[in-house]
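One chain is shown next in structure tokens, namely the form predicted alone.
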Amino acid sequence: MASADATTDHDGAAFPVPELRERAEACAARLCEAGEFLLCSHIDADGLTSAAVATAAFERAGFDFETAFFKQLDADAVASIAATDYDVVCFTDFGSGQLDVIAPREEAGEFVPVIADHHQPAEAETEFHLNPLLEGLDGASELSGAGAAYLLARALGDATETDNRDLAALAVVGAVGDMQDNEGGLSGANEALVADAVAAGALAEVTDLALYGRQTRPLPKLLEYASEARIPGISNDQAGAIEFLTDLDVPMKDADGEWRRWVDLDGDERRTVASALIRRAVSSGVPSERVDALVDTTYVLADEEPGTELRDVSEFSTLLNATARYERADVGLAVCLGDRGAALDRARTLLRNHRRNLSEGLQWITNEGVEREEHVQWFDAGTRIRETIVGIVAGMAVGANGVSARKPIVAFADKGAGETKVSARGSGFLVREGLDLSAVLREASRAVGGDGGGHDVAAGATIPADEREAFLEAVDELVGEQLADE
């Protein structure tokens, strides 16, 4: 494999995550040898950006490939992949957790898997496997699926003398979409991807007000919907948010009488609003850690138009979720690859629908509440919340009225065909106490004839619809055992 030396690429830039270079190069070499293959990816924001990073790199390398998206990589999906004519299949943002299903297909000579993933691997081996967990890096917080795909792209760039560092910006969107940004921004291996994206001129790292919607929301809505801060008299209070802004010595409406957005304010105006917001939060008794988090590291895509959903990585990731989770992964992929016409228009329509569904789902949980077991809390939305977004809604509900942040939350939704989708969410605190939801959902789902996996802090499963009670009993017991061990 051609490279400048053991630590730098042909362009002189250091390989961003040295621990994974050898694995990335092996995967890249196998794809170069094949030249023709199938690319398969997941349907969330991380899966879409993974596919986009891979697609861009593969096109630059001149490969002949097809792309397919899957909601879940189960035995049926793997069987359908094996039935194609492709001898090599590249998996991004899944594959590791399904190795026990994939490996027998490989052993039978049906296809060679090349995996770039960050989820907990199943207990099976394969040769071309790029996953941070295999080298002691945290796949839930340090590197996303898109990050793994980017490392593959960097290795391909080395092999084909192509500079793929601009693709790191999409990897950052994937990491943020996978909720890997915490206080201080992205960390671990992700920091190296941020550095690559900044060096390529594709990303800017900015200390700013850390509220969702800085690019697109009118200022009152920005504050009213600031669930991150939960400031009494402002958050979830339209009149209170307007009153707060009106009392500041900053013009809040433009010449046409329309509310300005955060992006429309100059530096001094932003400092005025942020300072007043922090003072209000402190005086209202908001916990210090939430006050400190009001201003934090944020990321903007340098080439995107200010004031659009594509400029801020958090808003971009939400836009992508709004496409793939509604069976339009093709639209999200096209947007990632630069379509700012019909695909972006369609994505914006899907985004409006997605926001409405999230709002209605959260309201349903607020009205209905959650059930509590000894170690977990749960709700069964049936058909009232779409199974592709029930995990997002569950995560949003944690910390809201009646939903504890001290217990994992398990969400059920009807998947059809006699199956139930399960999504579980924990917290960094619970993970530090010993929680591993990937192990819990995998064991509990398989015990009732289903399957699952994911990360320690967030995982999913599919189970037979009539096995909910047995599954829930197993989950509660397993979580109890994990947290009791610490």
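Model, not experiment: these values are computed from the prediction. In this text, residue numbers run from 1 along the sequence as written.
Beyond the structure shown, there is the form predicted together with cytidine-5'-monophosphate, which is absent from this document and is the topic of what follows.
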- Please check if Arg165 has a heavy atom lying within 4.5 Å of any heavy atom of cytidine-5'-monophosphate in the model of the complex. no
- Using a 4.5 Å heavy atom cut-off, state whether Gln72 contacts cytidine-5'-monophosphate in the model of the complex. yes
- Query: Going by a heavy atom distance of 4.5 Å, is Tyr212 a contact of cytidine-5'-monophosphate in the model of the complex?
  - Reply: yes
- Query: Using 4.5 Å between non-hydrogen atoms, is Val457 touching cytidine-5'-monophosphate in the model of the complex?
  - Reply: yes
- Message: Going by heavy atom distances of 4.5 angstroms or less, which of Met396, Ala192, Leu137, Leu301 would be at the interface with cytidine-5'-monophosphate in the model of the complex?
- Response: Met396
- Task: Quick one: from Tyr225, Tyr326, Phe244, Tyr86, grab the residue that has a heavy atom within 4.5 Å of cytidine-5'-monophosphate in the model of the complex.
- Result: Tyr225
- Which one of these stretches, 176-184, 329-337, 234-242, 290-298, sits within 4.5 Å of cytidine-5'-monophosphate in the model of the complex when only heavy atoms are counted? 176-184
- Item | Stretch 304-336 - residues with a heavy atom within 4.5 Å of cytidine-5'-monophosphate in the model of the complex | Ser317, Thr318, Asn321, Arg325
